[in-house]
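We've got the same protein chain twice here, in two forms, each standing alone as structure tokens: structure 1 and structure 2.
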Structure 1
């Protein structure tokens, strides 16, 4: 029997900025690891962050996690790979993390070769691929049209393992990637070294969420992955925590349409035949994962369009007569707001009003089976999106007044219908965004839209 190879990796946290314990991080480093990686983003917080170019964790939290990671990695001399920089992975997001990395390096006297990978595709190239019929919608998404592409203000493409590998081949000690497959952060180095694709990608998928597979599930923390030629093992970095076959297997359900197929740019991870075995009370071994190479290499395009400016107002209703009449009251409010906005010379197409009724159907909306049974109080959020900030503010001011002073059957409350907790009552939220692009685009080469910039830090 040939000697079994092995490669060890440390997943620092489920998301850069979510935190981890230094106990787990140090234990991980001391256990002898070959590289450190951390996912730093997601589209789960909604379209605004990608559009506005902001991270969804604080700079303070990013700095804390980065500093420990970078200093630790330099101490033991292993590469660091960070993906989906700044949350969305677009240019401003990557720039924030690059600045933080340079600041920390300067403060701590750390030196390394930094590779920064852009994930913002060229608009003309995307338009060309659309014309060539090489872009397809993902599930429950309409096909892409040239108009939708034109309306898309910010877009990124999710890179696979190959751009990361190119950065590492170029000598990078620290790889800062724009939007990137989470699993690729962990699969890139093992695949370069010839480890089998099934376990390599499945291990990446298993540990990219960090402490999500660890019990007890209190906060985020580091996880160690160990890959060999037949499968992989996972264990918590923290000595007081454990992984169980159930906790590891259950993670394949998380945030995916199926627990069996994980789609990556170069193929699909198939976990149907995977078996999860406890090695002891805190380590789990996984074997049997397969990887089916895709016929065509595709990357997921994510894009958002600005739909205007949002202003909101929060209020409560305790008047039992108004609660009884809430449906007709909201209809009457809507009608009056339309009339009053027209009186201001604001076109109907320049704004939307959504009356969100908490305590009635605010959470589930039209899916709510019990919308006819409100409780003893209701919360209202008046949500106006206007073409400009001024339009949003003007329509909301009308909606507020109308909400306060609209008649309903049996009304006794002639001095006002709504309890408002704040002054000012009207809150400008900023730009409002929607996902417009959620499609797969074929590439001729896995690296063709992911340029790399190297520098000595």
Structure 2
């Protein structure tokens, strides 16, 4: 009877720079893992980070996590895979992490073969695929037009497992990938070794956020995944923490419109028949996951365009009379700002004002079903995006003044019903970006837009 196969992997953290305990990391290394992987990015913080080329965690935090990972991996001789480098995965983001990796290697005397995978697609190729009708919008997104593509300043494509596998086949000890499927970081090696796709991808999805499936959920931490031919097991790296069937299954609801279908470039993970069983008070086994291969290989395109400059102001309201009149008050504010901006010679098309009312409908906006039930406090965020920094500042200054002096029914004082917690009250946020690409593009080859650069470090 042949021995049952198995492969073990360590998910270091939900995001590089979010941190983890060295206790859990060392326990993972000592458990006999075959590779280490960590996601390093997301689009959850919005379009600014991709457009500005900045990470959304500090370099200090990135360096701390990287140093422990690289030193530990070289100590036990296993590969490291990092995806969505620097947050957005565009060229500046990847460059930041590559610099940190080289600096750490020099300081620690570490030597390895580094593979860096770009995820910035060629603009002419994207335009050609658009002409060929091989780009489709994702849910609730309009179809892509040549004009929108031209307006897109920065774009990346989310790679699947194949570019990672190509880097590993090229002998890489450390793989630094641009924008990348989180699950692919953990599925790439098992798929190369012939493990079934359903459990491999589902395990990747389960541990891509590290300690998110661990209880107690105190910060981020390491999780160990063990894959075999029939399913997979997960357990916390830290001896004082545990996984439960509920905590593991709950992650299928995270960042997914459906808990049963996880879309990857090469297919869809189907968890409808998955079962979650507690092996003991720390470990959970999952079986029954399926993988349905897609007819066409597609990658998600993410892109942003700069729409000007943003300035904001934050204020609080605790006057019950004003809260009762908040809808008409905001309408009056908006009308007065339009008039005052025109008086300054600023065209309507050069700015936007959004009034966000936290405590009423600040999260859901017009979709909020309880808009008529405000509490006794409201927080206002005046959000102005102007064509230039000067326009944004000018319009916001008017909006702030108008907010303090606009009349409302039942007012007792002459003015000044907004409380501002900060001075200066008007805050320049910098360049303003919006998503312009959120589409799926067909590829002829899974690696065709993801060039790899190898180097000895």
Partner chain sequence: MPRLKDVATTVRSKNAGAFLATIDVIFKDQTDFERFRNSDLFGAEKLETLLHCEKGAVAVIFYEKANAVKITFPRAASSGSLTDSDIYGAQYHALIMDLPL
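This is a predicted model, so every value here is computed, not measured. Note that the rigid core is defined as the largest set of C-alphas that superpose within 1.5 Å between two forms. Numbering follows the first chain given and starts at 1.
Note: the form predicted alone is the second of the two, structure 2. Each of 56, 76, 92, 431 but one sits over 12 positions from any hinge; the one at the hinge between the rigid parts between structure 1 and structure 2 is 431. A two-part rigid-body description fits the chain between structure 1 and structure 2; in it the smaller part is rotated by 10 degrees against the larger. For residue 368, the Cα shift between structure 1 and structure 2 is 3.7 Å when the rigid core is held fixed in the overlay. Comparing between structure 1 and structure 2 on a rigid core frame, one finds that residue 323 has its C-alpha moved by 4.8 Å.
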